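To begin, one chain is listed below as structure tokens, in the form predicted alone.
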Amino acid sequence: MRSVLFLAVVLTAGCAGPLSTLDPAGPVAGQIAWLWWAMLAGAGVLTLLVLVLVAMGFGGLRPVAARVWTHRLGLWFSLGVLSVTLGAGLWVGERILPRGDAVEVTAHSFQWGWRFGHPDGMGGWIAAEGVLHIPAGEPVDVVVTSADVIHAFWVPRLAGKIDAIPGRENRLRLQADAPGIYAGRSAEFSGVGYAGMTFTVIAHAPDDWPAAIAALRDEAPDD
């Protein structure tokens, strides 16, 4: 019993943390976490079937028709589980697509860092190195680009990842339920400086968002 409890503690300890996809802090990340658990359940059911078949192989002969295992369980049961899992993936994929109005920011990657652009409310952009500011409780579209090689924008607690590809703009929808600080990083190895290619997302309360943008404007160097 103690071994089971110890194993449960060890396994669940990995479900939290600044880079855990299983500790979502927004609706997009919540959908992804739900899909992860659904895929785990499907894999667990199929694994249980295989283990039962292995265990039965150690017993004596049983008067069971071969078609029961090859057709009903081996084929149709497995296809049913895989079909449900595929349907869940398609359903989640449609729900997390960037549709409708949202605050738009930019994320420009380079070896080995991130430069973020924030709307200044006057048709321009305010840049910040390594820190992305967003309003909490509102959808945000991140337009991701790259200056050199392929990188990947990833904030596990707020959204999935998307590649930053040279010469191309990719768009990712994310949202934070509450104000806070969220860890992000590149999820694509890009050379010797990759380990330090991290960034921070700061979600501000809606009433504090204009002040945060004004502070960025004041800190921006004069041209």
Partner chain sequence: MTDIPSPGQTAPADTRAATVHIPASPAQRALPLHRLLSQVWANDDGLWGQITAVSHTTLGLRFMATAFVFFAIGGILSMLIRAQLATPDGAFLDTELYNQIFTMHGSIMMFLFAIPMLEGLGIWLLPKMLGTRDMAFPRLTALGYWCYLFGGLIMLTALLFGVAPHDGWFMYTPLSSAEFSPGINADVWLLGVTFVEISAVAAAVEITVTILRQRAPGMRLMEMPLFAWYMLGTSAMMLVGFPPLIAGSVLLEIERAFDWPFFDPARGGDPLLWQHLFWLFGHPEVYIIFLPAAGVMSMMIPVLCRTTILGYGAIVAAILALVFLSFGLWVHHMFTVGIPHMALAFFSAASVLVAVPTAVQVFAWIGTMWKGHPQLHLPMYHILGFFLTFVMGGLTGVMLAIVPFNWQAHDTAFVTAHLHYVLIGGFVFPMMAAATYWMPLMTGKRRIKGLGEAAFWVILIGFHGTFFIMHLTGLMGMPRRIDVYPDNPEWIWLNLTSSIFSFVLTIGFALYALDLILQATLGKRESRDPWGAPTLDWAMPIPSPNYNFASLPTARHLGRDAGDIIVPLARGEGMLPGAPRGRREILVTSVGDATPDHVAMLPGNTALPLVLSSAICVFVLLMLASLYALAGLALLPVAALIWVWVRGMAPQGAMTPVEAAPGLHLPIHHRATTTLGQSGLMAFLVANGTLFSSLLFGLAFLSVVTPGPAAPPSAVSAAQVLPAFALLAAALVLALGAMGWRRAGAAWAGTALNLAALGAVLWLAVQLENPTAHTRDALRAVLTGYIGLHVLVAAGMSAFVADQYRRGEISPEVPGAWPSCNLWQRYTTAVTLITLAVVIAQGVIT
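Source: prediction; values computed, not measured. Residue numbers count along the first chain shown, from 1.
Not pictured, yet referred to below: the form predicted together with the partner chain.
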Would 18, 85 and 163 all count as contacting the partner chain in the predicted complex, using a 4.5 Å heavy atom cut-off?
yes
Proximity to the partner chain in the predicted complex, single hit among 103, 73, 143, 131 (heavy atom within 4.5 Å):
73
Give a yes or no for residue 181: in the predicted complex, does one of its heavy atoms lie within 4.5 Å of a heavy atom belonging to the partner chain?
no
Touches the partner chain in the predicted complex: residue 159 (any heavy atom, 4.5 Å)
yes
Consider residue 136 of the chain shown here, and say whether it contacts the partner chain in the predicted complex, taking contact as heavy atoms within 4.5 Å.
no
Is there a heavy atom of residue 175 lying 4.5 Å or less from a heavy atom of the partner chain in the predicted complex?
no
Where, within 94 to 109, is there a heavy atom within 4.5 Å of the partner chain in the predicted complex? Residue list please.
94, 96, 97, 99
